[in-house]
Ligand code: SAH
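One chain follows as structure tokens, the form predicted alone.
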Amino acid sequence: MRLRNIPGSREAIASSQWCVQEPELQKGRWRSFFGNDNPIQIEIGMGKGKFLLELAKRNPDVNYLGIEKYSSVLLRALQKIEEEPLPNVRFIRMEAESLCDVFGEGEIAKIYLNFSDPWPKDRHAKRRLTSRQFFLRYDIILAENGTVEFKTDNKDLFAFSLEEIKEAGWDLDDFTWDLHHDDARNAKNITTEYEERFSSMGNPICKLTASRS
């Protein structure tokens, strides 16, 4: 999907109080950054921020960092938080490959991956956020009892993810191939923009939760 460049988006991000400008300087110091000892959770590829902002509203005792690499998309999240400020949310514009440069060992309590790029070509498999290569990164930054949650409508990517979790030596704690028709699992579900779109098209939404063995 081609993302339209929005003139001035990078400048808006660079001047925003809601965006962390040099996140690598906060490595190992994120609790001090937020000024409290609340757990820190991150969403990688947060898009326009609908999921993360709703999560933060529901859980004021948790700090959230939204990671997005596209300036034009991140700008939409900035517009939302400026309309309804939340003290427990900040954004980072960065590539997911740099996670270990930004977060210290065991610093993150939970990772959310929502409708990640499927990178359909086999030679790009290691770029998928549920690849064993990324689980090596998650293993470093997650707290001992930390978890990874993943949602997608892409069945091939979901099947790949289930296999990669096993290959990475992690435990598959829970999963469903049709979240929205599973009343128990869907009861507290927060939807993303993509999720609402794909579900309205009749696409089943898949979800899994994984933790270390």
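All residue numbers refer to positions in the sequence shown, first residue = 1. Quick caveat, the model's predicted, so the values are computed rather than measured.
Not on display, but discussed next: the form predicted in complex with S-adenosyl-L-homocysteine (SAH).
Heavy atoms of every residue among 94, 117 and 129 are located within 4.5 Å of S-adenosyl-L-homocysteine (SAH) in the predicted complex. Contact with S-adenosyl-L-homocysteine (SAH) in the predicted complex, defined as any heavy atom within 4.5 Å, is confined among 82 to 90, 102 to 110, 139 to 147, 68 to 76 to 68 to 76. Interface membership of residue 43, defined by any non-hydrogen atom within 4.5 Å of S-adenosyl-L-homocysteine (SAH) in the predicted complex, is confirmed. Applying a 4.5 Å heavy atom cutoff to S-adenosyl-L-homocysteine (SAH) in the predicted complex picks out 192, 193, 194 from 185 to 207, in order along the sequence.
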